[in-house]
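Below, in structure tokens: the form predicted alone, a single chain.
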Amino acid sequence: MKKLINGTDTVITDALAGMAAAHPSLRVDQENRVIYRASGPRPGKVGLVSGGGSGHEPLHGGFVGYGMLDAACPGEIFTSPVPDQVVEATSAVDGGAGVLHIVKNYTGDVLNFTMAAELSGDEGVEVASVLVNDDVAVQDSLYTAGRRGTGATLFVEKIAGALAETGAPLAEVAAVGADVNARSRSFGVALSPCVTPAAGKPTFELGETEVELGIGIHGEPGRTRVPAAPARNLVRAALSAIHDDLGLSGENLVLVNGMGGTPLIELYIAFAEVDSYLRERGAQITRSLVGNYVTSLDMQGFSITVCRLTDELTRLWDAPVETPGLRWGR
């Protein structure tokens, strides 16, 4: 195993130290493992907290900042944060208007965020939650009851974050987050497995001439393994699954996401195929992102997330944002 690390037992703490040094807009609490906005909570504003296992960067810590999250709780690699982390973050970002938890649908995340919400409620903090379950590939997985939460997490964090900046109440911020999730679908494809630092070996086996359709962001099995094929075929397989579930039409926000080990030139090739597929069905891509946003360490592959936009969601997506991983309008 070749990794740019100091040791397998210090990966998270070393990475958090690097984030703190690189981004003065962030404050990193190493003891509790929480990433905050350095500016602290704003009175009267709903606080947004998310988190999950590390290894998916820039999700979630890279999306802490103006227009998105107020705090992120990184767990160990591919392991959910513990309730104490989430309680600490929730208390620290509460500006008196309550706190929204944005939770990917993985069993550990759901259990630990639910417990944290209950504990925070006991401390007098009003908490609402949005569960992200956008992945259409499989209904259940090794980590999940129901659909997995993947790329739409970014959409929920950005759009709910924009609404929170306006001073909207907690119920409205939660409702727009739930609406974004309901309008979004994702599908991922793996060209290779990833290697976790602790294990030092691939998380699953995939033949040199095979790809896996419907893979999860932790290497969970997908729908099927097929022979390697041109980008056009793989993109159409992913979008067919999304179209069958969501129905592609109207104006759409599209994320073509790298899993950590795929060159950007290949992601743009995939995006061109996405654009062609939607045009064939009379749908439009009016907002887009291409790059590494919800990764799986060094996995080669990609995922596609589509959100059917409304005028209001487009306005909130366009609103200013300033985070390490997403920035425009300021």
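One rule holds for the numbers: they count along the sequence shown, beginning at 1. What you are looking at is a predicted structure, and each value in this text was computed from that prediction instead of being measured.
Although not depicted, the form predicted together with another copy of the chain is the subject of the following passage.
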*Picking from 154-162, 208-216, 98-106, 126-134, which part of the chain touches another copy of the chain in the model of the complex when contact means heavy atoms within 4.5 Å?*
208-216
*Output flag, 23, 58 and 298 jointly within 4.5 Å of another copy of the chain in the model of the complex, heavy atom basis*: yes
*asked:* Using a 4.5 angstroms cut-off on non-hydrogen atoms, would residue 263 count as touching another copy of the chain in the model of the complex?
replied: yes
*Though only this chain appears here, would residue 54 touch another copy of the chain in the model of the complex if you measure heavy atom gaps against 4.5 Å?*
yes
*Contact test in the model of the complex: residue 66 vs another copy of the chain, heavy atoms, 4.5 Å*: no
*Is there a non-hydrogen atom of residue 232 within 4.5 angstroms of a non-hydrogen atom of another copy of the chain in the model of the complex?*
yes
*Mind listing which residues of 6-27 have a heavy atom within 4.5 Å of another copy of the chain in the model of the complex?*
6, 11, 12, 14, 15, 17, 18, 19, 21, 22, 23
